[in-house]
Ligand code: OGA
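Next up: a single chain in structure tokens, the form predicted on its own.
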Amino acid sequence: MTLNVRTFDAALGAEVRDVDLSNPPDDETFAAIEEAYNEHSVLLFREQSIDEVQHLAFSRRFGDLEVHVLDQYLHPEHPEILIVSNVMDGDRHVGIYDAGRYWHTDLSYMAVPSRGSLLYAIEVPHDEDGKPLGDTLFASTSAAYDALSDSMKSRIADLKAEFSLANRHAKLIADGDANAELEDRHHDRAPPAVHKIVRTHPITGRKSIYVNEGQTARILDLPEDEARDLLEKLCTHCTKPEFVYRHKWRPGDLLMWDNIPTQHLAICDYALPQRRYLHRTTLRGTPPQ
């Protein structure tokens, strides 16, 4: 079939139109969606109206789902759904409230990072003029890799880096977030992991730069100053404007992204009583190559 896909004017991303995810796509339509996902890395479905069961069913067609390590933010009836929200229940946040303040790739700190994420917007904050807030930026780390000089590609070809959930939370604490302390069970479930800096996509074969600001703690086997400078240079390169798509949320958006050739950043330009509430499923990945 011919899927109605509108490519974004950016290094990645496309909108899929005329698909109602409350009705399971037939096999032919789903195959076209999956092909578009592999090609564009970020897919947008606007004006959806789906419940948790429908969200889970669509997500599972791409593969097995993960239960997020930050279990205090899981949906009480559907643990495969992570709540992303600034909404409070008494003195408790019901979801991940900072929404990804630093550039990151979901679960890159795990030994087997996730393949992708599907985020469904239920409530979107807006200003007094109705302008949506809480945009999300996505960067194509495969386009960023392609743009590297041959000498830089050669320099990083065999290097590895350490990734850590604790690194992200240490940054949050340093920025004044007193609620960012990790509990012992989180440390136990997510010890530091080591991955190659250059990652090859298992389906497309494209190479990408696999480091990020939020979760990459350090590059290994280099002098400390050189490792720090290289990490900063790579992170800055990946997020240059020419590699970035900025998504402006609307209620009913389902946005899915491939965590292998992308990283993303949530813009936290809102605060209660401006409410943000979304549901996210996470696709289980394979060991990085």
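Source: prediction; values computed, not measured. Just count from 1 along the sequence shown to find any residue number.
The next section is about a form of this same protein that is not shown, the form predicted in complex with this ligand.
Using a 4.5 Å cut-off to this ligand in the model of the complex, not one of 115, 246 and 256 places a heavy atom inside that distance. Across the options 87-95, 100-108, 203-211, 69-77, residues that bring heavy atoms within 4.5 Å of this ligand in the model of the complex belong to 100-108.
In the model of the complex, this ligand sits within 4.5 Å of a heavy atom of residue 266. Using a 4.5 Å cutoff between non-hydrogen atoms, residue 119 counts as a contact of this ligand in the model of the complex. Although the partner is absent here, residue 136 is a contact residue: one of its heavy atoms lies within 4.5 angstroms of this ligand in the model of the complex.
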